[in-house]
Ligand code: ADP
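The data below hold one chain only, encoded as structure tokens and taken in the form predicted on its own.
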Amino acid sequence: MSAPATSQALTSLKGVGPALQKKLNQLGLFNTRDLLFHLPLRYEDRTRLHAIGKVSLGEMVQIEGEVLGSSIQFGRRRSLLCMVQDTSGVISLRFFHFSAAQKKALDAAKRIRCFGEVRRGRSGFELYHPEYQILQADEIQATDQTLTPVYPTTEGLQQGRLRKLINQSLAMLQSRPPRDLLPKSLLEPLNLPSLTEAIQVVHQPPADAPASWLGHGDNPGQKRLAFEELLAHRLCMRRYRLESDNKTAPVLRADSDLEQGLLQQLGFELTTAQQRAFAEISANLASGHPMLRLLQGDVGSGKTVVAALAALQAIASGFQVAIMAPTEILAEQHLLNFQQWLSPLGIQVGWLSGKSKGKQRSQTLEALAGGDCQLIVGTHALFQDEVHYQQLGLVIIDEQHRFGVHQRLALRDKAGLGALNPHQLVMTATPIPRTLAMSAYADLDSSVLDELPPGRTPVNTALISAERRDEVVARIDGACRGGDQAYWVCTLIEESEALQAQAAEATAQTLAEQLPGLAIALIHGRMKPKEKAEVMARFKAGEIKLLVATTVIEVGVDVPNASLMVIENPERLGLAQLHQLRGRVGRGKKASHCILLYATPLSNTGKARLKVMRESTDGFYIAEQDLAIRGPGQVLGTQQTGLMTFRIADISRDAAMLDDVKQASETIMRDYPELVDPLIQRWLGDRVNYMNV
């Protein structure tokens, strides 16, 4: 039995040898099925010819005419100019990259058909580097019957070559169509075409297709494929969740004495949102099934206190708790909080990071394995091979999007509970847009802290050009000498901590020269934990008035008296990170300000991002806008998420489908369970391993 058309080897196609196969592989194309699912970025209309005399500036046109001649032009750049005429007028074709053979062919040409964008050049209207086809003098060439796709490609692989290969795959599609995995009962109410129709219309839209198809994402074929891909992702996440629900976990009972001991230390009442979130978590912990819950809330909404109450419930039941954070500075902040809250209650709190060495490390590992260490705080070091727990009942992960799903699972697998599974609480101060929560976090229940503790003041945000830097420095000077404290945050495009540290050091030195007598200190990621802790302690005590920092202060730092922040080059950061940084001020009762000191000229994306920051302090609104501007790969960190690297779907563009996707996934799991595996395999393949299913 021959293989279906959708999984033939690339070398079965005419013209594909080893060199071309290698280029196709670079695009992630390994068989004819991949070619069919390699979707156009946009379309061009080559179904008609334009009269040369009637073309407009900026228009994409297809013209045909007589070649009047060609010549090499010399100016700022050497170019080849070819004059073309039809009955309505004359236009020039200009090539900045050309060969002697190309010039010779154009010299000898009688008629030519071209496609390109109309630009204004030295000779009037011109087409720069148009696609062209030389015709015989009396040749009549038919125009295309469908819109022409423009595909993502790679160096050395021309659009024309790629189109021919995809057209060969489409020809096979008619005789051996792929299996349509979605029942008609699902497709018809949503007005979605069959799989074969979808593939056909995506690659070869009809000539009379609406103008919106020439743009992005409005093709019904693309919608059908995006729907199926989103459905496969959700099915994968939901299946993982159902499998988890069928497993058993420790039954963790609350201890009211321990809870009261913690609450009395806090000196403030829990907000209604905190009480509600903890009630949801507490019920999960006592259920006997593994909790998979996302605790999300804006900067300063009090997630850590809720996590501490959950930890006490596990510890009261005789189990250990692991708290994992993505960076040393955030993990250290958690360590300080949990030691301060839990040590007076007689609970042993441990620390483990990649920098933990020698005797301290071996003692911590021994205390964990023996059960003496009841709560451990650390970074990814918590799931290294030599780390063993006596019985790990609860895993708390902060800023989940910085970790891969597989890292969360690795910590779960180290629990040492035999047939039991530990509970998992995932926290994020980056509110997850509803669209991402329905897809990337479809395996998690969600608790939202949607109110801030009393006494917090909204932060006023101002956008100021770097050309006015001296004014900003003077404002900082006045505020600090008047009793306020301030942050000056340095950003760099490079991820290197060494370069970031150098930039911050240079800024601190400049500010010290400009502001003599003002207590200025520096903090960055390359400092030793002890040094960072000393600087932060002095800043918190008010000894330091201006703290120059890299983005290491993004999370975890709480200095209520700090009411002014300057973020240099904010256009280099994502909205979520800017919002996190801004959340370091406004933590007391003073009116607080955040100055975004941007470099000019700003890109359109930079303008859009900073405008959102100026207009809103609502973390959920900002997260939605961040998603719209940057896309899910950037918001979540594509490499860490594994499952979120979509081939066709776009979470922002296709958000309106997600409710239908959710409903369809439940229908398929209930009525068509035999379709779950094929759908997941078609769209995720080996990446299913990220979910450990």
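One rule holds for the numbers: they count along the sequence shown, beginning at 1. These numbers come from a predicted model, not from an experiment.
Form predicted in complex with the ligand: not shown, discussed below.
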Exercise. Heavy atoms within 4.5 Å of the ligand in the predicted complex: which stretch among 600-608, 529-537, 299-307, 542-550?
Worked result: 299-307
Seminar exercise, completed: Answer key: of 517, 454, 358, 160, within 4.5 Å of the ligand in the predicted complex (heavy atoms) is 454
Problem set entry | Residue (of 582, 587, 203, 234) lying close to the ligand in the predicted complex, criterion heavy atoms within 4.5 Å | 587
For this session: Consider residue 270 of the chain shown here, and say whether it contacts the ligand in the predicted complex, taking contact as heavy atoms within 4.5 Å.
Result: yes
Problem set entry | the ligand contact in the predicted complex: residue 364, any heavy atom under 4.5 Å | no
Exercise. Contact between residue 558 and the ligand in the predicted complex at 4.5 Å, heavy atoms?
Worked result: yes
For this session: Report whether the minimum heavy atom distance between residue 274 and the ligand in the predicted complex is within 4.5 Å.
Result: yes
